[in-house]
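Just one chain follows, in the form predicted on its own, and it is written as structure tokens.
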Amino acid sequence: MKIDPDNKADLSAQIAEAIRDAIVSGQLIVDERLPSEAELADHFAVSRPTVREALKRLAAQSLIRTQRGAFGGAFVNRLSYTEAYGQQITTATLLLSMNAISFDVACEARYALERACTPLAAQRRTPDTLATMRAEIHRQGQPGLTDESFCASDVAFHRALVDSAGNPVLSYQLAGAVEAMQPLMNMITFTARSREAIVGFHTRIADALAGSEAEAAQTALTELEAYTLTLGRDVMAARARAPR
């Protein structure tokens, strides 16, 4: 593991990257104990506080865990999809908000990714994922449901759709699409959209997956995308016309 002392980048960031690369490449394996702070400081020719900051960065990424006691120290963590899921959502949300991704681009990406899941979802949907989708459809039809709760139910429905594919890698990769892009789109369209129309689209999707009809599910998603795009464009056009 090496760093470039002449590099103007933060030394702790360089150390964290070097250790991360060692973990990714397999030089450091799961549950292996990292060298002590003193040993790492000597290895990288830096101070212990700099090493400590690097370890904090790695812990924040769930790449290492720390244990106290005589047999304690920093250990390579066994990262799970469940643990990484939240990080994926946070990262995607920040990327979308900081880079001002357009509504059209976010909508296109989200629905293209969801449609890619439907062939597997039509084959592998389980009674549990279908029951979740049906429960959310029922919830969305309840009178008095707040806008916030409706949007949360919308996210839960589409997450169940993705999870129906039975592929944890897909679920992880689509976390940003469903739980980062979708809430941002909901913020724009929730005042204009028809809940009845959304329930109708969701019912068609659930029925198609229950009947193992991937093409029918994709068609419903394509029509839902067109509906969402129209709503978003109308809302933003109205905002542009509004007096300032």
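Given the structure is predicted, the values throughout are model-derived calculations rather than measurements. Throughout, we count residues from 1 along the sequence that is shown.
Here the subject shifts to the form predicted together with a further copy of the same chain, a form of this protein not shown in this document.
Screening 204-212, 187-195, 39-47, 53-61 for residues having heavy atoms within 4.5 Å of a further copy of the same chain in the predicted bound form returns a single hit, 53-61. Distance criterion of 4.5 Å from any heavy atom to a further copy of the same chain in the predicted bound form singles out Ala84 from the list Leu130, Ile137, Ala84, Cys151.
When contacts are defined as a non-hydrogen atom within 4.5 Å, none of Ala160, Leu229 and Leu231 contacts a further copy of the same chain in the predicted bound form. In the predicted bound form, no heavy atom of Ala74 sits within 4.5 Å of a further copy of the same chain.
In the predicted bound form, no heavy atom of Ala122 sits within 4.5 Å of a further copy of the same chain. Contact between Gln142 and a further copy of the same chain in the predicted bound form is not found at the 4.5 Å heavy atom cutoff. When a further copy of the same chain is considered in the predicted bound form, Ser80 lines it closely, a heavy atom lying within 4.5 Å. Contacts to a further copy of the same chain in the predicted bound form (heavy atom within 4.5 Å) from stretch 177-193: Ala177 only.
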